[in-house]
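The chain that follows stands alone, in the form predicted on its own, written as structure tokens.
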């Protein structure tokens, strides 16, 4: 079990590789189907329940341009799995090649502490935090479009833009009063 490294392999021509990590695999497959439909560039999607990835396919595995952790807020296991997987990423990935995608944020049964924990994690790692609606086809399409725009930059397919620059524009920030109780 080794670290996943962002620059250990050469990139492919007009190719972008994305790794979707979700412990429950509910939203992962529909998002992967939408990403593969992209026609301007070749998008290769890899799916994983958690990291580390198995060593047996390490030689044939392409360079991963973007790692997306999909966190279902209704499940504590989903957050814990994503948090535990982070230690298997090389620090170079946190320079614009990691993002978090949260589902079920509108669900009334979600504790606010869990959303705050995800926001703090994304802010601490300077990673973008995306919110997605996984129950409707339009929500999946919108999430796919947002991921594609980030993926193209991370893969170096957008002129005059780098993953680090995009990350600095889209990184999650936590307001200073997040630990204060709200009186809503």
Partner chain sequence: MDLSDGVGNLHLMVEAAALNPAADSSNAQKDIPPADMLRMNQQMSNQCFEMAVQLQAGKSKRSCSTSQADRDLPDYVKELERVKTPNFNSTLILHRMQMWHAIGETLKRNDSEAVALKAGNDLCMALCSQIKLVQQESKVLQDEITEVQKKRLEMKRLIHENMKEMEDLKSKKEHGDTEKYKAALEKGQGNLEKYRKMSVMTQNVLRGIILACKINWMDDPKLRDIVMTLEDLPFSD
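Numbering follows the first chain given and starts at 1. Owing to the predicted nature of the structure, the values given are computational and were not obtained by experimental measurement.
If you look for the form predicted in complex with the partner chain, you will not find it shown, but the lines that follow are about it.
Judged by heavy atoms and a 4.5 Å cut-off, are 77, 84 and 131 together in contact with the partner chain in the predicted bound form? The answer is no; none of 77, 84 and 131 reaches the partner chain.
So in the predicted bound form, does residue 122 come within 4.5 Å of the partner chain, heavy atom to heavy atom? So residue 122 does not count as contacting the partner chain.
Is residue 158 one of the residues lying within 4.5 Å of the partner chain in the predicted bound form, judged by heavy atom distances? Although the partner chain is absent here, residue 158 would touch it in the predicted bound form, with heavy atoms inside 4.5 Å.
Can residue 36 be called a contact residue for the partner chain in the predicted bound form at 4.5 Å between heavy atoms? Result no; residue 36 lies far from the partner chain in the predicted bound form.
Partner contact for residue 95 in the predicted bound form: the partner chain, 4.5 angstroms, heavy atom: Because a heavy atom of residue 95 falls inside 4.5 Å of the partner chain in the predicted bound form, the answer is yes.
Does any residue in 109-143 get within 4.5 Å of the partner chain in the predicted bound form, counting heavy atoms only, and if so which ones? Only 126 sits within 4.5 Å of the partner.
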